[in-house]
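Let's start with one chain on its own, the form predicted alone, as structure tokens.
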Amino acid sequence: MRRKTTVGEVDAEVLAYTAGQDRVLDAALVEADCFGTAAHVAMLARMPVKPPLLTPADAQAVVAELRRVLADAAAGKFKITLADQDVHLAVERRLTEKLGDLGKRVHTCRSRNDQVAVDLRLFAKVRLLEAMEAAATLARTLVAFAKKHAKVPMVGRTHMQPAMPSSVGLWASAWAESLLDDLALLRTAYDLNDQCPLGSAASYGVPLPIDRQLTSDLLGFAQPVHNVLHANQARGKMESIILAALGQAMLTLSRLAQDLILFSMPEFGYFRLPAEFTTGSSIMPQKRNPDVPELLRAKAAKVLAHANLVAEIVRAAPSGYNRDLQETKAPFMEGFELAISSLRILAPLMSKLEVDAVALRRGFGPEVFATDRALELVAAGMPFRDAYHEVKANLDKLAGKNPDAALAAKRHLGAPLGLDFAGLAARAKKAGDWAVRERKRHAARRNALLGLKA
């Protein structure tokens, strides 16, 4: 049996197979598709050809119908059917149903290839800014937690074994600084994504005088992707870059989650997870399970796997568009959801995390002070290797050392009592403020082009 679609008749089984999940996934792209279409028709209406492809009044009529599409989508009334295959043809069908021949003109000088490419970049813009806001908020929360507990001694560990005197402030602010590095990587991914592929059509341009700079400006991109073939070939690779950046943030969160699980165990008792972030057992009444950090570890693995999956899908693709790219959409979208939800849930958890200073001090055995003692001998004139062996042979003489005194001696840059909490907090605030401004700028562009109220 064959099914009629906007782009011709297709075998029903082939249609279902090739449409895949797009009918469901593309619901997240309705706004981006309408935004991109509004820019495209505005450009067509200004194209210097006679007779004009679209008049300014035509463009206004299309934009008015796009607003109605958005309203219907928000109300759950805009449906993407199997015959539509995707959001692009669903919107075109709607425009044709309501506007007749005018709706049929909208796709002039455009392919679904550059349409989906611009939709995904617009979608990624919004979601990257959400991720960056959430990461900045979490970083600031970690810095505040670190500053509050700056002088609480904590055993520093290597190989999970007691190593040297440290502090809760050092531990917590280390994760904050890691997130700040992750934010820098997310910003790089954002800048690479902030280029408009629209107007590249099927990858080879069109024989009409379109204005790609205009559509880029209307959509608020920093610039167009220059080469029309690269504009479409960057799809898949761009998604893998973004997922890899999100994956680095998830690496930070996953290792933090692992520490929270370990150090909240009764055998350590350093921290107590907020009750609302734990769950019970169906059989054991006493249980308070660390399900949130446990799930976070698994979600981190999925984001990292999605980055690799997308890269593998495009790894052997020849030049030009290939349908393989369709399979990158689901892991791309899920990767955002996993990362943003994880970043958001850890901030309130960390703000309510309880610190048991007594348990932390109890963790200090004499051996934790071995390196500090060796360096004291060095300061008195003994060569380091001799001091090393001297202390190693007399570990039993280290009993009674004071962890507070050990911390007080570590005041150089970045050491437990040399931490620049204000500087770290300022970096996090700057990143978060930039993301907020950029999100507002993007919303203003969208609202102006589509005639939406702020």
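All residue numbers refer to positions in the sequence shown, first residue = 1. Here the structure is a predicted model, which means the values were calculated and not measured.
Here the subject shifts to the form predicted in complex with a small molecule, a form of this protein not shown in this document.
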Taking any heavy atom pair closer than or equal to 4.5 Å as contact, tell me whether Tyr321 reaches the small molecule in the model of the complex.
yes
Decide whether Gln195 counts as a contact residue for the small molecule in the model of the complex under a heavy atom distance cut-off of 4.5 Å.
no
Just to confirm, Asp22 within 4.5 Å of the small molecule in the model of the complex by heavy atoms?
yes
Using 4.5 Å between non-hydrogen atoms, is Ala176 touching the small molecule in the model of the complex?
no
In the model of the complex, the one of Arg110, His306, Arg121, His88 near the small molecule [non-hydrogen atom within 4.5 angstroms]
His88
So the small molecule isn't shown here. In the model of the complex, which residue out of Arg212, Arg94, Arg235, Arg127 has a non-hydrogen atom within 4.5 Å of it?
Arg235
Listed range touching the small molecule, judged in the model of the complex by heavy atoms within 4.5 Å, from 294-302, 95-103, 332-340, 111-119:
111-119
